[in-house]
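Below sits a lone chain in structure tokens, taken as the form predicted alone.
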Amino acid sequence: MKTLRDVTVGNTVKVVQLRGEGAVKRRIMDMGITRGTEVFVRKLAPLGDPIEVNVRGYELSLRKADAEMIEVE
């Protein structure tokens, strides 16, 4: 399955599933990333970490480790 980490800059994807457990999963959900949410990948830091995305009308920076837990289509 494709994760948010694999998405290239400029693409919009839809969240299918969150893989994390406990507090990690809760933190991602608290940021507004839930099943069915559209996420636009805005830019990538020069060294590749973090990833800047647009979710529900606001900018959000995610570490690659967190982005790997978000399955998208």
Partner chain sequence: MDIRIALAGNPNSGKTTLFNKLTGSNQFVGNWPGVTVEKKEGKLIVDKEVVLTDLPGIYSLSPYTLEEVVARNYLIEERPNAILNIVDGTNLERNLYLTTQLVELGIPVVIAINMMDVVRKNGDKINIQELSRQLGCKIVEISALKGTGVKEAAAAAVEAAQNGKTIPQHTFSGPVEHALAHIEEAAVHGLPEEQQRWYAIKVFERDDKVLEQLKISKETLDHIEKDIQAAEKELDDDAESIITNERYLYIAEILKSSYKKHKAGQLSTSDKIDKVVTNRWLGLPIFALVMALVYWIAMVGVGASATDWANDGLFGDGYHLFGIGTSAYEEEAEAYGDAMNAISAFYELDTEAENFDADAALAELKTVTGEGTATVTVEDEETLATEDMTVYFDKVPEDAGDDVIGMSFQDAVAYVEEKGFEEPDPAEYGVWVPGVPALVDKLLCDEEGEPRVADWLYGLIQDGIVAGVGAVLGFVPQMLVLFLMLAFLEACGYMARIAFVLDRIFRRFGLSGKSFIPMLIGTGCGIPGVMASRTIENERDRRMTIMTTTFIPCGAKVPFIAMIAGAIFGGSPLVSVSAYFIGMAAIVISGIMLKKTRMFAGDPAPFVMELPAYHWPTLGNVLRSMWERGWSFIKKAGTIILLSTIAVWFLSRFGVVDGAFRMLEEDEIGMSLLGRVGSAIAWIFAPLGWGEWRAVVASVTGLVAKENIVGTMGVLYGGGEGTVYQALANAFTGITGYSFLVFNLLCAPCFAAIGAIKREMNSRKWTWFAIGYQCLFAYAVALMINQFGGLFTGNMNVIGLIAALIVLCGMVYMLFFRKYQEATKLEKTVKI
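Numbering follows the first chain given and starts at 1. Bear in mind the structure is a predicted one, so any value in this text is a computation, not a measurement.
This next part talks about the form predicted together with its partner chain, which is not shown.
Undergrad: Residue-level contact is defined here as any heavy atom of the residue lying within 4.5 Å of its partner chain in the predicted complex; does V39 satisfy this criterion?
TA: V39: no, not in contact with its partner chain in the predicted complex.
Undergrad: So, K14 and its partner chain: in the predicted complex, are they within 4.5 Å at any heavy atom pair?
TA: The answer is no: K14 has no heavy atom within 4.5 Å of its partner chain.
Undergrad: Looking at its partner chain in the predicted complex, which residues in 44 to 65 have at least one heavy atom within 4.5 Å of it?
TA: Stretch hits, in order: L44, A45, P46, L47, G48, D49, P50, I51, E52, R56, Y58, E59, L60, S61, L62, R63.
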